[in-house]
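Single chain ahead, written as structure tokens, the form predicted on its own.
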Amino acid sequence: MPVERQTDRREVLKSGLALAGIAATAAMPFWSKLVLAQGEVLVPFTDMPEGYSAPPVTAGGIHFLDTRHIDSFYTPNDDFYIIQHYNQPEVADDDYRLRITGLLDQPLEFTLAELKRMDKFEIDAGFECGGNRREMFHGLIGNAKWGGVRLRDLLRDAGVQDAGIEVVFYGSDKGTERIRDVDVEQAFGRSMHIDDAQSADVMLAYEMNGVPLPHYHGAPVRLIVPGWFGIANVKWLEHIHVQDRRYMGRFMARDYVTLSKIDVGGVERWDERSVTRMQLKSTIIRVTRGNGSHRITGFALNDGTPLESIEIKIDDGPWRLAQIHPESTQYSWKLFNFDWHDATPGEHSLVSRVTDVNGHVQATADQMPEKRTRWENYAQFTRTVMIS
């Protein structure tokens, strides 16, 4: 979990960053484009293997970004990361049906056309896979503008009964699971508490960056839960069910479960919990050289809590304030940069950290809880680079 900052927080509002949708102050101009300027070149990381590249998009395959080449605030649809657990169903728009069932006054069913006739809601939301990690240089990530309808409006129309406390989301992608020596077919499923489901920001998206949702990203409709890890954003959504108990499917109870050692009432215990809200995280993704200076670029993600600052540390020097992309909003990724004017020849270590307005600071590796699973990798990530 994030740790409390051990310094005076009187600068929280002075930074001009503690806003629901972060903005850079006028005193901190930002670059106008993320693409490399004429004459600007990448400086190779020495912690990255020579010839490293991200895999292409393939049916049923995994795709992640080569984060060194992020060049726009919105990730192009064909480069947004892809993780798929079962098959990749193709559902024709005219055949699509969304059912809402369970502890409701009135079960409902919608076609895609009916959803599109409702009040449209748009939101910027970036997220990462719960298994995003240093081995792929945190490339399981993306940021997009999503368009669709608010989930809470549909639940309101259905009339959730008092006993309904858990909302389950099923995709039309299916696979065979072996459970206690029994083979059963299961649809991909995730769930959340009714209070989370009724948040104003949770949506059913049928658009991604202004165009119909692409097939690999869950067309015709997927769930978007801003501030949560990607596993919560169910693709190919076909069924929502309200029930009176916790949903215990594979991706809630057996997989995407973080096993970590925590203090429980003064006793160290191994705790298991579903991967849900994103932790406070930042990482450096590239260093460039141009016009006699260097620039360090990175991204930050969290659960939507406003940020106080993002800082860069070079070698054993002090923490120095980075600038944040002015388009950043509450749930988008926060792209940041630092103009490194005093770089000297030789190898240098670089690390970033993000601090939110509650004083929580991105954890170092030593401060991370002991854990046995690969989920939720949010420790400060040190990069090394050679300056010539």
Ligand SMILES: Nc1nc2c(c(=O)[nH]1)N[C@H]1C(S)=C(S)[C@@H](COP(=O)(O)O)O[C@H]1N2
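The first residue of the shown sequence is 1; numbering continues from there. These numbers come from a predicted model, not from an experiment.
Same protein, other form: the form predicted together with this ligand, not shown, and the subject of what follows.
Partner-facing stretch of 292 to 300, 168 to 176, 239 to 247, 109 to 117, counted where any non-hydrogen atom is within 4.5 angstroms of this ligand in the predicted complex:
Contact criterion met by 168 to 176 only.
If you check in the predicted complex, is residue 137 within 4.5 Å of this ligand, heavy atoms only?
No - in the predicted complex, heavy atoms of residue 137 and this ligand never come within 4.5 Å of each other.
Is residue 233 close to this ligand in the predicted complex, meaning a heavy atom pair under 4.5 Å apart or at it?
Answer yes; at least one heavy atom of residue 233 falls within 4.5 Å of this ligand in the predicted complex.
Quick one: is residue 127 in contact with this ligand in the predicted complex, heavy atoms, 4.5 Å cut-off?
Result yes; residue 127 sits at the interface with this ligand in the predicted complex.
Do residue 274 and this ligand come within 4.5 Å of each other in the predicted complex, heavy atoms counted?
The answer is no: residue 274 has no heavy atom within 4.5 Å of this ligand.
State the residue from 217, 286, 133, 150 whose non-hydrogen atoms include one within 4.5 Å of this ligand in the predicted complex.
Only one listed residue qualifies here, and that residue is 217.
Considering non-hydrogen atoms and a 4.5 Å limit, which listed residue (200, 83, 163, 259) is close to this ligand in the predicted complex?
Filtering the options by heavy-atom distance leaves 83.
Neighbours of this ligand in the predicted complex among 183 to 210 [non-hydrogen atom within 4.5 angstroms]
Only a single residue, 188, comes within 4.5 Å of the partner.
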